[in-house]
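Okay, so here's just one chain, in structure tokens, the form predicted alone.
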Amino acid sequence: MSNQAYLELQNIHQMFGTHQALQDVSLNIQEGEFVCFLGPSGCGKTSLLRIIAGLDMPTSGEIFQAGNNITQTPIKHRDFGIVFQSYALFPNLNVADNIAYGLASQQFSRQEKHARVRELLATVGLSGSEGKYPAQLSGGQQQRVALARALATSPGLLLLDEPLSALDARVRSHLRQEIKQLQEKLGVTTIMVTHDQEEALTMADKIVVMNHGVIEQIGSPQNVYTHPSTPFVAEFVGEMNFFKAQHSGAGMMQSGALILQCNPGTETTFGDDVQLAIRPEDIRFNCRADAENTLEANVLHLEFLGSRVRSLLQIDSHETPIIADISMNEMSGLNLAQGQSIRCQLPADRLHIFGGQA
């Protein structure tokens, strides 16, 4: 069995005039993987998807699909299906004809087309909707039709360009589960562009975090979240509190008047000036006074977020307040109130260290 990636991007650059949209992007995607390109607007993720689809040409670099160089291959000869944010359905065609449109260039009989359309509608949960028109469908149903059309030719690669961003939160949450289950069932290699971190974390096998035309980190959702490799990734995927700090002896960091213990050895690869970071959910309460990295804090604000409460804490000598997330179960025992003083802990094993200061 070959270890060769199904899709290989090698040193992709893209220039628009003097603007560099992509800079030396290289990436391997295995067959059957669900990969999310994640990043803010203008980071290059859509440009990269358009190059893979053949809608744009790279300034330099090469793309291989199933071992074949497709860098200059025309769109009609590429093996992919694509779903856009705007659905892009033909309003004058009914559901069946919209889905069958993708089969127009294939050698299917009328009967085979009808059978394929029925099969796809059953797959996306819209059996019996053949005769309806797009205007008669909800946004979620229209996106299902667009998905069925993209899958009509059984492509080797499925490209999803922000497919859920036009939908309301409840429909978006439901449909992302359905898309992920469908992708696993069909085993189709899938790339989805999104700026929604929750979408990427819940759907992807692998996340490619992009910023300013470069890849900041590639990894599983859990790896990217728990071990961010740059401050940008730490802040963009989830939330993070940052502290400017300097070395203060072996395994110790100083931030203002705070002396914080870090895991031994973690600080040795950085210079004198660093950034310490900790996620809001990693801050602990009800800790012993003699526990490592124990601080006194004042509760500035409390915000109820359903399953958790977000607290804004002012730590002595730290200029910027930090946020801490507390589960409702823990909250019931803490009885926190605005203006209250509380002891909290920044556990050494939950502190991230990044070189340099912002």
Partner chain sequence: MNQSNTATTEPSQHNTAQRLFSNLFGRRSLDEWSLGSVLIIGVLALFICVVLPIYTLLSKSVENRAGDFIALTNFSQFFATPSLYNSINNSLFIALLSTTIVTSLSFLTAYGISRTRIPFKGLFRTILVLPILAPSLLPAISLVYLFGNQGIIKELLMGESIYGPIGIIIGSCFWTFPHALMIMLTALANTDARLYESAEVLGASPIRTFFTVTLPAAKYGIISVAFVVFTLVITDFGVPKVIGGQFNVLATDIYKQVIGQQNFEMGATVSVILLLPAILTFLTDRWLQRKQSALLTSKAVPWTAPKRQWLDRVFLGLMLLVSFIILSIILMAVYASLVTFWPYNLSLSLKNYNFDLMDGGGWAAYWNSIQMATFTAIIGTGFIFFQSYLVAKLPGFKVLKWFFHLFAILPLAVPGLVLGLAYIFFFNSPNNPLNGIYGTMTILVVCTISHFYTVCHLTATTALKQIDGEFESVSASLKVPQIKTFWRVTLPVCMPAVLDIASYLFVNAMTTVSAVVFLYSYNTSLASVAVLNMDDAGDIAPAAAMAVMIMLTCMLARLVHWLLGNVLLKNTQTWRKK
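Just so you know, these numbers come straight off a predicted model, no measurement behind them. Numbering follows the first chain given and starts at 1.
One more form of this protein exists, namely the form predicted together with the partner chain; it is left out here, but the text below deals with it.
**Q** Do Pro91 and the partner chain share at least one heavy atom pair within 4.5 Å in the model of the complex?
**A** Looking in the model of the complex, residue contacts with the partner chain include Pro91, since a heavy atom lies within 4.5 Å.
**Q** Residue-level question: is Asp97 within 4.5 Å of the partner chain in the model of the complex, judged on heavy atoms?
**A** So Asp97 counts as contacting the partner chain.
**Q** Look up in the model of the complex whether Ala250 has a non-hydrogen atom within 4.5 angstroms of the partner chain, and give yes or no.
**A** Answer no; every heavy atom of Ala250 is more than 4.5 Å from the partner chain in the model of the complex.
**Q** Does any heavy atom of Gln136 come within 4.5 Å of a heavy atom of the partner chain in the model of the complex?
**A** Contact check for Gln136: yes, within 4.5 Å of the partner chain in the model of the complex.
**Q** At 4.5 angstroms, heavy atoms only, are Arg50, Phe84 and Ala104 all close to the partner chain in the model of the complex?
**A** Each of the three qualifies.
**Q** Tell me, please, which stretch of 224-232, 188-196, 76-84, 116-124 lies within 4.5 angstroms of the partner chain in the model of the complex when heavy atoms are compared?
**A** That would be 76-84.
**Q** Within 4.5 Å of the partner chain in the model of the complex, heavy atoms considered, which of Gly42, Gly32, Pro321, Gly54?
**A** Only one listed residue qualifies here, and that residue is Gly54.
**Q** State the residue from Glu62, Asp325, Glu296, Glu292 whose non-hydrogen atoms include one within 4.5 Å of the partner chain in the model of the complex.
**A** That would be Glu62.
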